[in-house]
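Have a look below at one chain only, the form predicted on its own, in structure tokens format.
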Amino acid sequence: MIRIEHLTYTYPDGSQPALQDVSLQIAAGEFVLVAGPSGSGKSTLLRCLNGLVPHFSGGQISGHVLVGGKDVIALGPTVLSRYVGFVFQSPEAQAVLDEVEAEIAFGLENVGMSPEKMRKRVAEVLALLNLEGVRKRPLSTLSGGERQRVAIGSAIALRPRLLVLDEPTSQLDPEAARQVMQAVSRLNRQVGLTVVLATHRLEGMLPYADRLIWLEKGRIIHNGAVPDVITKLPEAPPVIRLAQKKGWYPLPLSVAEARQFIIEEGRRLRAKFVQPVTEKLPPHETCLLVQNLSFGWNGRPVLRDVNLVVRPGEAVALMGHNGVGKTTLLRCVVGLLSPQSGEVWVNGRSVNGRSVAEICRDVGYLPQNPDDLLFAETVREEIAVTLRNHGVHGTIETIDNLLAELGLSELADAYPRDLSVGQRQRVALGTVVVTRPGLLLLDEPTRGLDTEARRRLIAIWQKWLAEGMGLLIVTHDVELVARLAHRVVILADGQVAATGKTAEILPHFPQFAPQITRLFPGQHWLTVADALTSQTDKEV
């Protein structure tokens, strides 16, 4: 199905090849995961499969890329679109129309398919992806998972032989991500569609795949069956790490497979629910106190009577499905949105009547896209601009000390937008904490980050927590929550559904629970370390 021979590619302004001497074969009907650090060439490799590289990006390319016998480099994306369906990370980026049925039919209309045949094809796609119930809905009313499935439907409507997906679940909550992966798996198993999927997050994806390819610096380092490759990676998902420590064989790739080993060891664990207690604290004892906050758009309630507390030195994770109001709450805290009712206190002061600029001297707010905060010509200047905008005097030494803390010293004179995703995230983080706020709001801070970039950020946040900073983190990254959060707040339908200590709350919300919590129900364990240190030899 796919044959790549000695492929080398360099972007127009690249000093080094993004792909170096890549040779690869993928058989028809295979499901292949492509993983690796940020900047390793995953997205570039995927774009070579439909001709976006080099026909759209330019640059220098050598070698051969064949898909279904078609010469991709010679033919380009226009011809290849009939044979290769491509799904980008953000479904909004590729949507053309605003109705589900019309969006899926758009590509069929462009190739002149008859109305009768088109109706039948659209009906088939809707059924395959469980979208019949939303066929007449506007895209703007769909959940994140539904929108991603519509994007997949648009990509497969022409019945391509290959489906390529670039980080398709990175913006989705765990349940929506599971639905998308099940849909992709059905296309692979039932229809025989060849699937190539790039991801940073392997947990939850491994059971669906036949093969795993690991890239570093544009080269294929590992390529083989999932169980063979996963044990060679710098950091495997928690279930894999635990299985290796325990010597479980064959290696379980999911929580469901790992449970069989627990059963065989005679352990069926249960626990009593501990009802979380919401503490009432005066404003001066908190970094953030939200009281009875409500907000709505055009008469539609988004947040209803939300109460939330973040204390100094505490990390609180704000979780919930896509669209429940998590980002809206952060924007209310920093004054970008005005609540209809309720009160917000930051470091003991009400934000009522204060400007966004004034609030942001006390609150660091990192939005989902770090590029929204990057405007200057150098990394050092980005930090300096923030200080000037806040009217705060800062020396070069102050700026350089922060860059050193963020691991950015060697990049001080680099152009921020030329950096990797993880590096840009740290630069943006520097711009919002240079004033040393007592509270930091993080909106999906690990989205799109590789394992090393994620580990580096966690270490930085843990240091700031030890120094007394409070963190409120909106995230779908359940393993981040397991490692960092002291408490969890679950939002549902715009209201607080549950709040309490992380280990007490997550077991009762399995859709938001990390792998270890789901593997050992009732034990309130969150990480591999919890499982290993909490079990005695007799129990195991």
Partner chain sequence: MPIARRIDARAWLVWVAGMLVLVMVARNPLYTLLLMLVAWWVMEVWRQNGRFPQLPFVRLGVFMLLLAALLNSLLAHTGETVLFRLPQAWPWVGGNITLEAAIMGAANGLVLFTLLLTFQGFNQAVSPGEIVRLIPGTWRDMGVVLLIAITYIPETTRQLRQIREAQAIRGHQLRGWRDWRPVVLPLLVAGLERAMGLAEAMVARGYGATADAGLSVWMQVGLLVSLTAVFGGWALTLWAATAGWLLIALGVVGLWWLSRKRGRRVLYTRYHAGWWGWPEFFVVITAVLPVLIILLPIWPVDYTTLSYTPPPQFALPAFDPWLGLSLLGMATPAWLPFILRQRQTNDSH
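Quick caveat: nothing in here was measured; it's all calculated off a predicted structure. Numbering follows the first chain given and starts at 1.
One more form of this protein, predicted together with the partner chain, exists but is not displayed; see below.
In the predicted complex, the partner chain sits within 4.5 Å of a heavy atom of Glu109. Put simply, Glu203 is far from the partner chain in the predicted complex: not one heavy atom of it is within 4.5 Å. Under a 4.5 angstroms non-hydrogen atom cutoff, the partner chain in the predicted complex has Pro367 among its neighbouring residues.
Taking non-hydrogen atoms only, Tyr415 approaches the partner chain to within 4.5 angstroms in the predicted complex. Note that among 397-405, 455-463, 189-197, 71-79, the stretch whose heavy atoms approach the partner chain to within 4.5 Å in the predicted complex is 71-79. Screening Arg349, Arg331, Arg311, Arg178 for any heavy atom within 4.5 Å of the partner chain in the predicted complex leaves a single hit, Arg331. For the residues Leu158, Ile262, Ile221, Leu128, the 4.5 Å heavy atom test against the partner chain in the predicted complex is passed only by Leu158. Each of Pro115, Asp372 and Asn389 comes within 4.5 Å of the partner chain in the predicted complex, counting any heavy atom.
Taking the partner chain as it sits in the predicted complex, the stretch 44-65 comes within 4.5 angstroms of it through a non-hydrogen atom at Arg47, Asn50, Leu52, Phe56.
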